[in-house]
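First comes one chain, alone, set out as structure tokens in the form predicted alone.
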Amino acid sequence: MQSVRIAGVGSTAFGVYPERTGRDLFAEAARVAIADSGVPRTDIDRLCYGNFVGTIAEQQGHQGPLMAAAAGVNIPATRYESACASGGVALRSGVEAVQTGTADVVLVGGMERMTNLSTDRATAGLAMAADDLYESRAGVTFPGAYALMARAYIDEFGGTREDLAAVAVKNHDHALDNDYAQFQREISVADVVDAPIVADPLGLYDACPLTDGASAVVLVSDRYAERHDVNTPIAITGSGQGTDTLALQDRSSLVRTPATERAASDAYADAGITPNAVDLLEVHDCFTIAEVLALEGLGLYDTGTALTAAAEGDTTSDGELPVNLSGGLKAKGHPVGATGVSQVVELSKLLRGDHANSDAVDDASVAVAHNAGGTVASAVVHVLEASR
């Protein structure tokens, strides 16, 4: 099995770009990643690309070859769709291609363009990640679904709106110096608590925004890196994927995420580590409660104990376990198909020392990326390790 090294990373700034096309956004991210890697385009073997609602947002299916052309390569190219975990699944496919020796150089990327849609149209597009027959047709939206999970959690373990608000405040604080983040502005617990309620107990500031953007990474094998003297200080040493029932009604618990638990267990085993080895994380905080559930599903907190992690300072930039130093989906933004790849872009920069928040983790060597789809019916976890 070949080891998987990260040779280069790239991203657009995340934000509102209704005038830009998806191919334009991905071309920028791919160009930056390829330039960062120093790898000739002609050496890239394949493209693994994540996208969720392009068929609605741009009336564009069959995006694999389209995005290969945008990246300036003529190689086998496949689009991966797993709702909000599309980027993570694309990355996992690229990792497997390098590990098994079927490719030496893989361009992995993701893109979403959403702000050109009306709110109703965007909501309808995102709702396709839920169970249409038993959830969407009954009027369940994702804010409503995550509100059910939040209420179940607080009912079972206790907690307050202020505890949830602290997650949003923390992630906005982390995004202040990240020029790639959609929201570079400070908010307070009072701002979150006093914001309009979207689905009790979740308010406007408990939710991530609609976002346009793209991200890309260049993966290479050890063999390629050695032969071509490519600088690869970061490796992906573990990868795992898990699945749960699509509809919440079919789950035995609303306060656990078995898909994350399975993905994490496999990723840790693949990397040969335990959760205690993790120094920092980027987790899928589409809603504030989602970060709480992710930390518990990843085995970093016992079930029912992570709600106060942000309020108590554990997961802040100067805490024992910094989480979402990019700003997370909450403040960095959530261009759905790009998110799983973007997490690895951010973690790579943090571990390399060229991220705005690298000083907060200057002695870190192990990072985890957690990307989820729907109400965590899909989850992908990757372990990154830095050579010191």
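Don't overthink the numbering: it's just position in the shown sequence, from 1. Not measured: the values here are computed from a predicted model.
Just so it is clear, the following notes concern the form predicted in complex with another copy of the chain, a form of the same protein that is not shown.
Name the stretch, out of 176-184, 148-156, 88-96, 221-229, where some heavy atom lies within 4.5 Å of another copy of the chain in the predicted bound form. This holds for exactly one stretch, 88-96.
Evaluate L66 for contact with another copy of the chain in the predicted bound form, applying a 4.5 angstroms cut-off between non-hydrogen atoms, and reply yes or no. Answer yes; at least one heavy atom of L66 falls within 4.5 Å of another copy of the chain in the predicted bound form.
R79 versus another copy of the chain, in the predicted bound form: is there a non-hydrogen atom within 4.5 Å? Result yes; R79 sits at the interface with another copy of the chain in the predicted bound form.
Might T243 be said to contact another copy of the chain in the predicted bound form, defining contact as any heavy atom within 4.5 Å? Within the cut-off, so yes.
Would you classify L133 as touching another copy of the chain in the predicted bound form, given a 4.5 Å non-hydrogen atom cut-off? Judged by the heavy-atom cut-off of 4.5 Å, L133 is in contact with another copy of the chain in the predicted bound form.
Flag this candidate site as yes only if H62, T100 and A377 all have a heavy atom within 4.5 Å of another copy of the chain in the predicted bound form; otherwise mark no. The answer is yes: all three residues contact the partner (heavy atom, 4.5 Å cut-off).
Exactly one of A129, M114, A294, A309 has a non-hydrogen atom within 4.5 Å of another copy of the chain in the predicted bound form; which residue is it? Contact with another copy of the chain in the predicted bound form is made by A129 alone.
Exactly one residue in N276, T119, S252, N74 has a non-hydrogen atom within 4.5 Å of another copy of the chain in the predicted bound form; which is it? The residue from N276, T119, S252, N74 that makes the contact is N74.
Does any residue in 1-32 get within 4.5 Å of another copy of the chain in the predicted bound form, counting heavy atoms only, and if so which ones? Residues within 4.5 Å: T21, R23.
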